[in-house]
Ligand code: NAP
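Before any questions on how it binds or moves, here is one chain, the form predicted alone, in structure tokens.
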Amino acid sequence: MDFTNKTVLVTGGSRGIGKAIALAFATKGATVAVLYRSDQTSADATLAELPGTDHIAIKADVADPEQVKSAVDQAIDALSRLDIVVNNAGIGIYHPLESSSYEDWQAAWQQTIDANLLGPANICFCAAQHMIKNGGGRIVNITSRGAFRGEPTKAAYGASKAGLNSLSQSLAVALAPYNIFVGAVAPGFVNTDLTADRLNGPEGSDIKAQSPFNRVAEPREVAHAVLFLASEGAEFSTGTIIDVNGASYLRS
């Protein structure tokens, strides 16, 4: 998987899974644009770790359509073109039905769908317009095990990720004639700072025991699947959803 002279936009790329993806691409020769929402300190730290030169950080909220368009334009202007897009940014808001107010329920759904589904859809649209003119490209969307097994305390999250799976497959069909290949990676629990409290808390052992490996994924393992889908030679895997959950949830 050689990405020399390739350009990549990674949303949510300043920390966790997104940072691992950015590092993996840069290590394989790509020039990376890291999109972050607000944490400039983390974005700058990630840029400093990326091997190679000319990497950039772009501040934007993927839930805002105008910021999405501006961010994609900035990436294209800075990198000259855009070969690969990874939609990693997302949120997960707890809103158990039995204990949430109607107002909180609506707010959680709106915020989650805006960030996890409409945001990636808009990034795909803007990036694909450029890729069509440029002769092709790759898009990889980070979804979730929760799209299949359900998220009882975060129903909007599970639904948004199921929608992102469907979007990925719809675009795989729609964009194939333009030499644009689209796939998705669906992780289970991943060892990041966002999950650290739960993994180190009382439920940590039960979460790890969901996998026969008795652990959760590392960010680099998710990144490996992303790089495969974005690599030359993986074209006929367009429309694929790769599970990275350590056999904690199996489907056929």
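For clarity, every value in this text was computed on a predicted model and none was experimentally measured. All residue numbers refer to positions in the sequence shown, first residue = 1.
In what follows, reference is made to the form predicted in complex with this ligand, a form of this protein that is not presented.
K.L.:
Test of understanding: in the model of the complex, would residue 225 fall inside 4.5 Å of this ligand by heavy atoms?
P.N.:
Contact with this ligand, no.
K.L.:
So in the model of the complex, does residue 181 come within 4.5 Å of this ligand, heavy atom to heavy atom?
P.N.:
Although this ligand is absent here, residue 181 would stay clear of it in the model of the complex, with no heavy atoms inside 4.5 Å.
K.L.:
Would residue 91 count as touching this ligand in the model of the complex under a 4.5 Å heavy atom rule?
P.N.:
Yes, residue 91 lies within 4.5 Å of this ligand in the model of the complex.
K.L.:
Would residue 192 sit within 4.5 Å of this ligand in the model of the complex, counting heavy atoms only?
P.N.:
Yes, contact at 4.5 Å.
K.L.:
Given a 4.5 Å cut-off on heavy atoms, tell me which of 70-78, 125-133, 138-146, 170-178 is the interface stretch with this ligand in the model of the complex.
P.N.:
Comparing against this ligand in the model of the complex, the contact stretch is 138-146.
K.L.:
Can you work out whether this ligand is within 4.5 angstroms of a heavy atom in all three of 15, 35 and 60 in the model of the complex?
P.N.:
Judged in the model of the complex, 15, 35 and 60 all sit within 4.5 Å of this ligand.
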